[in-house]
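What follows is a single chain, given as C-alpha cells, in the form predicted on its own.
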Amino acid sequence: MYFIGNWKMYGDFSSIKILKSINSSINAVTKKKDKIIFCVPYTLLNFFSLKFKKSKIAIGAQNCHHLENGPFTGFVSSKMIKNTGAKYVILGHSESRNLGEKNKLINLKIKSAIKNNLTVIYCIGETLKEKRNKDTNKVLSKQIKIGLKNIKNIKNIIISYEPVWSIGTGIIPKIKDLKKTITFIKSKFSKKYKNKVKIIYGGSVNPKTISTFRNIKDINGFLIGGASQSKKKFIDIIRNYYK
C-alpha cells in the first residue's frame, strides 16, 4: 500500500521533527511492502531527502516544469528535483489545474519526470458540477487519454483519483460509487497497459474515513493532505486501515 502525504504549501526546516516522529513509529504500523512518501515544498526536498535517505520514508515534490532548463523564473524542473534526492512528484493536482494547467501541459511534465527517473503521482478527478452532470467518466477518460498520451510504460506512474469536491471538505464518495469509478479507471488501462496500473485515492482521507476504503480491493493506497502534517493522524490512518 502507498501512504503518501501531500504537505502543500506548509512546512519549514523545523518540520523535520514531524517526520522524525513518524519515522520512529512507522515500522510498528506498516507492512513490509508499504511505501511511505511525503511530498513537501521545494525548499525542503534536499534537506529531507538527506535526513531520511536510509529510512522507510521517501521524499517527493508537488509539481515541476515541463522543460529541464531555460528562462523560466521561479520554476523548478524535474531534473532539479531529481538532483535533490527526491524520488516522486505529484502532477495534475486539482489545485494546479485550477491555476490553468491543462492536460496537454501535464502530459509534457509527466514525460519530463519519467525521463529523469521520478515516479509520477498523476492526479485525476471531477468537480462537483461535473459529478452532478454525470460527466465523471467523461472527465476522467479525457485526463487519462491526454495526460498519458504517447507514454508506453506506466511502471513509474501512480494514478491518484481525487474527486475535487472531496478535497478538504470532509465529504467522501459513497462506497458503491467509488468502486464503480475505480473499476472504470482500471478499465482504461486494461488493453494498452494490461491492467498494470497502481490506483490510489485522495480526498478527505483521515483516521475516521480510512476504514471506509478497506474493502475496495483495487485501491493501492492513499494521497493524504492535511492529516499528513500530524504524526498522530498519519500513523492513525495506517493503523486504522489495517485494523
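The first residue of the sequence shown is number 1, and the count goes up from there. Given the structure is predicted, the values throughout are model-derived calculations rather than measurements.
What comes next is about the form predicted in complex with 2-phosphoglycolic acid (PGA), which does not appear here.
Colleague: Looking at 63, 181, 49, 204, which has any heavy atom no more than 4.5 Å from 2-phosphoglycolic acid (PGA) in the predicted complex?
Modeller: By the 4.5 Å criterion, the partner-contacting residue is 204.
Colleague: Among 158, 106, 118, 167, which has any heavy atom within 4.5 Å of 2-phosphoglycolic acid (PGA) in the predicted complex?
Modeller: Selected residue: 167.
Colleague: Of the listed stretches (138-146, 108-116, 159-167, 68-76), which one has a non-hydrogen atom within 4.5 Å of 2-phosphoglycolic acid (PGA) in the predicted complex?
Modeller: Heavy atoms within 4.5 Å of 2-phosphoglycolic acid (PGA) in the predicted complex occur in 159-167.
Colleague: Is residue 226 one of the residues lying within 4.5 Å of 2-phosphoglycolic acid (PGA) in the predicted complex, judged by heavy atom distances?
Modeller: Residue 226 belongs to the contact set for 2-phosphoglycolic acid (PGA).
Colleague: Should residue 239 be classed as touching 2-phosphoglycolic acid (PGA) in the predicted complex when contacts are defined as heavy atoms within 4.5 Å?
Modeller: Taking the distances in the predicted complex, the answer for residue 239 is no, it never comes within 4.5 Å of 2-phosphoglycolic acid (PGA).
Colleague: Report yes if any heavy atom of residue 130 sits within 4.5 Å of a heavy atom of 2-phosphoglycolic acid (PGA) in the predicted complex; otherwise report no.
Modeller: No, residue 130 stays farther than 4.5 Å from 2-phosphoglycolic acid (PGA) in the predicted complex.
Colleague: Would residue 101 show up as a contact with 2-phosphoglycolic acid (PGA) in the predicted complex if we use heavy atoms at 4.5 Å?
Modeller: Taking the distances in the predicted complex, the answer for residue 101 is no, it never comes within 4.5 Å of 2-phosphoglycolic acid (PGA).
Colleague: Across 107-133, which residues bring a heavy atom to within 4.5 Å of 2-phosphoglycolic acid (PGA) in the predicted complex?
Modeller: Contacting residues: none.
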